[in-house]
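Single chain ahead, written as structure tokens, the form predicted on its own.
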């Protein structure tokens, strides 16, 4: 699989990574055996970046990654995230003591002395401009508790604020056919600063698989059920912030543009891969079939000019008004 430099980390990573939120929780039940199969399938297919967080299943995702890597010689780059354990979830909780405690917990969960990458996990907006937070992260790099750090953001503005700090190596942001705003300013600025981009929610929580209709339901413990209106966290993390019925209708048009010869999910992932400045796209997976479908995007040809034009029309006519100015 194609490998790209991940910003200032010094690592090269696969253009299709694996997001492991599903392996922790909030997507319905995924048992230990299924999680192990997903991780093995991804690594066997050439995935060299795994993205996780300390709050995915309260550490379950990190622990499952540790167990999956014990017997493997082909260790991938593991990016984790910290900060959502803050209680209360306020900027004042991002103290040196708390940051160190969260990061030490992830080191234990993942079974490593040095974490490859720690990303601030969509913290309160004030954190992105708090120099004390960056000073602490710089100290942790010097101490070799972490090799590099970055940020995960909800908004373009948060990403641009983070780029003002030279130690930031990566930015993780929602980017997909239904969430295009980062293309305008954030991705070009990140390229100029040699900052890697991890594109998350690339399938809009499954909408861009083209498999849902207006009658589709989700389990009670699935965020696509309990966070439809942002009840638990930012609504943009669920269906990329697009109202479900509107997203279903728009996804039908995307499927038509993709055509019958290419799976809609792989088509949507290829769109992300080809955006200038993107290092890697990190779709999740709950089973091996989904892993293989995601990885297939890496071998697709770039979308045609007419397809790109048609997708832009769908965005402008159906989606833009719901998301563009919000994030």
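Remember, it's a predicted structure, so these values are computed and weren't measured experimentally. Positions refer to the first chain, counted from 1.
Only in words, not in the display: the form predicted together with a small molecule, which the text now covers.
For the three marked residues, 172, 283 and 290, a heavy atom of each sits within 4.5 Å of the small molecule in the predicted bound form. The closest non-hydrogen atom of residue 14 lies beyond 4.5 Å of the small molecule in the predicted bound form. Contact check for residue 247: no non-hydrogen atom falls within 4.5 Å of the small molecule in the predicted bound form. Of the heavy atoms in residue 202, some are within 4.5 Å of the small molecule in the predicted bound form.
Although the partner is absent here, residue 9 is not a contact residue: none of its heavy atoms lies within 4.5 angstroms of the small molecule in the predicted bound form. Proximity to the small molecule in the predicted bound form, defined as a heavy atom within 4.5 Å, holds among 241, 76, 206, 182 only for 206. With the partner omitted from this view, the residue of 162, 122, 103, 190 that lies near the small molecule in the predicted bound form is 122 [heavy atom within 4.5 Å]. Residues within 4.5 angstroms of the small molecule in the predicted bound form, judged by any non-hydrogen atom, belong to 114-122 and to none of the other stretches in 140-148, 93-101, 114-122, 253-261.
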